[in-house]
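One chain comes next, on its own, written as structure tokens: the form predicted alone.
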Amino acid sequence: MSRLLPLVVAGPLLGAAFLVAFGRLLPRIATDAVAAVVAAGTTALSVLLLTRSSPVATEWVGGWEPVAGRSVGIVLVGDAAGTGLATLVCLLTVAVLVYSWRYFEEVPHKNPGAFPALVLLFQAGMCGFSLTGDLFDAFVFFELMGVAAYALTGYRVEDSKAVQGALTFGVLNSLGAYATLMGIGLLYARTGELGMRQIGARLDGQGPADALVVTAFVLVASGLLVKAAAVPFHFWLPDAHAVAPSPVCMLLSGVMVELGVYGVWRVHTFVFAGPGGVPSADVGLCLVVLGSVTAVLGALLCWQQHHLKRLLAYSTIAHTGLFLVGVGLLRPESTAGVALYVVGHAGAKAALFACTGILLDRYGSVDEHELFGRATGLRLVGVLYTVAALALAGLPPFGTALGKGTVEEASGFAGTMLFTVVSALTGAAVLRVAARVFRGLGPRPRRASEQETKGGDEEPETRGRLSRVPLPMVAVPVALLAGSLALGAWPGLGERAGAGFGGPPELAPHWTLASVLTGLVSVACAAGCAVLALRRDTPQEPYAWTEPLRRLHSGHIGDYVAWFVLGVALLGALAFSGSLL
């Protein structure tokens, strides 16, 4: 079974290579079909590997196995976490390709294979990052998915805003990559190893961690936190989502950002969790502090947005903060809860971006105020948008509620309050949009000429304004929400997730009265906040008290680079706090 692991990465790579070579010679329907078949086949393979993930399979690609304990080959590890995340990547890739069926103009001209080839390349990078057991290979796959993501974000090259968003995305993520590479270099200089388990074993044999090891952790984690869009490394995410095509946003928010959180967990678990690594208390402090700040800031900015893609992007930042808090607890049950939360969130958030894409292509706008009452005829899309908002807020029995409830029980009262407030506020923002756009509820918003978050006058991503919504663009969000619902209702799935992260059976994710009640409280709070927002007249300009937050997001890359440097320093101060105090 281990010999099948490389095919999860090689399949999409070969599919992308085929489309690059022959895409110009094939009609659009053929290139889309090739990409869909490759992605679906890889999905079936990853599901098979997930069901056979115990005992853990390990494959040295090309037969380059370690000699005398030293390894230079590419190692792939088929554990439950890696194969599960690869399965999520593949499923979302299939959803994106189906949603995008004959969606774009052919850019660049007469090359219909360009977009599906980039999507397959993106899939290969993300699957490789999920499965690799080697730190340097993780960096390579990290860069592969980054390059594909930059190109997909700036796919509409004739639009200067798209190019600027992709440039910001590329610069900040490249800085993160440089930090990660420097951290890997320090670890290699200390241990002479690149395999994660091998590095961890060498560090454990050299005694307690010194400044070099802690510095390596800070640098590697900084790069991964840029990909995860944790505060203050998050500035690229709203800019990228505002200009990226809707199907690309489904992948960025649905799974790529979460890969950064997964990377932090994996590197800590296999490299730094032993006696020679960074003390658990310091790691937990770093992740819980950064996660809490990220969650609160993301939720506040989410509430302030009227540009729907930016609103959903800040919602992703807020939930990433919650994921980091769950991982930072460093307990198997909370990590298993985060895993379910990530999968449930992926379904709900991708469905929301799919519905937003329908609004863009039907009305040429993603501005909440401009769309007021214009989508009353899209009843099914309105229902989907509302259901996704409730799932985001934590409505049982969605998978988001099961994962959130599990982490809340592991985090205590303070953690429960944080999760409830953040999920309620982000859910409320989306419910407010659903009520205004699809039902025309509340006072009609005043037009604001200087609105910072305005999303009007956008170009449709289809060949023109849609007179009727194509079936794939509706079927995909329906399937995604059904999957998110099934995740929470599937008997025994929580126990399997708990076992995959090494937790005891009695602490595996499962429904309890407390988790159901906190989920219902979150939804009630979200609905209450949305109702209060609809009863008030919409301010012409953003609230004055949010001015400092808005100024932080200046749109200038130089400012974002300065925040990146400050973030690395902050992470270093938190990581070294145990030694300094």
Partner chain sequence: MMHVLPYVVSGWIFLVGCYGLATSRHLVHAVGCLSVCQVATYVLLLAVGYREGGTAPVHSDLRPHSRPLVDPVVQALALTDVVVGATVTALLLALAIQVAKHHGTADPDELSELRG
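Note that the structure is predicted; figures quoted are calculated from it, not measured. Residue numbers count along the first chain shown, from 1.
Not pictured, yet referred to below: the form predicted together with the partner chain.
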With the partner left out of view, is Leu371 within 4.5 angstroms of the partner chain in the predicted bound form by any non-hydrogen atom?
no
Can any non-hydrogen atom of Tyr178 be found within 4.5 angstroms of the partner chain in the predicted bound form?
yes
My question is simply whether Arg310 lines the interface with the partner chain in the predicted bound form - judged by any non-hydrogen atom within 4.5 Å.
yes
Please determine whether Val157 contacts the partner chain in the predicted bound form, using a 4.5 Å cut-off between heavy atoms.
yes
Give me the residue from Ala573, Ala10, Val565, Ala21 that has a heavy atom within 4.5 Å of the partner chain in the predicted bound form.
Val565
Heavy atom within 4.5 Å of the partner chain in the predicted bound form: which of Thr269, Asn111, Ser174, Ser292?
Ser174
For the chain seen here without its partner, which of 373-381, 157-165, 245-253, 481-489 has a heavy atom within 4.5 Å of the partner chain in the predicted bound form?
157-165
Members of 134-148 lying within 4.5 angstroms of the partner chain, judged by heavy atom, in the predicted bound form:
Phe136, Phe139, Val140, Glu143, Val147
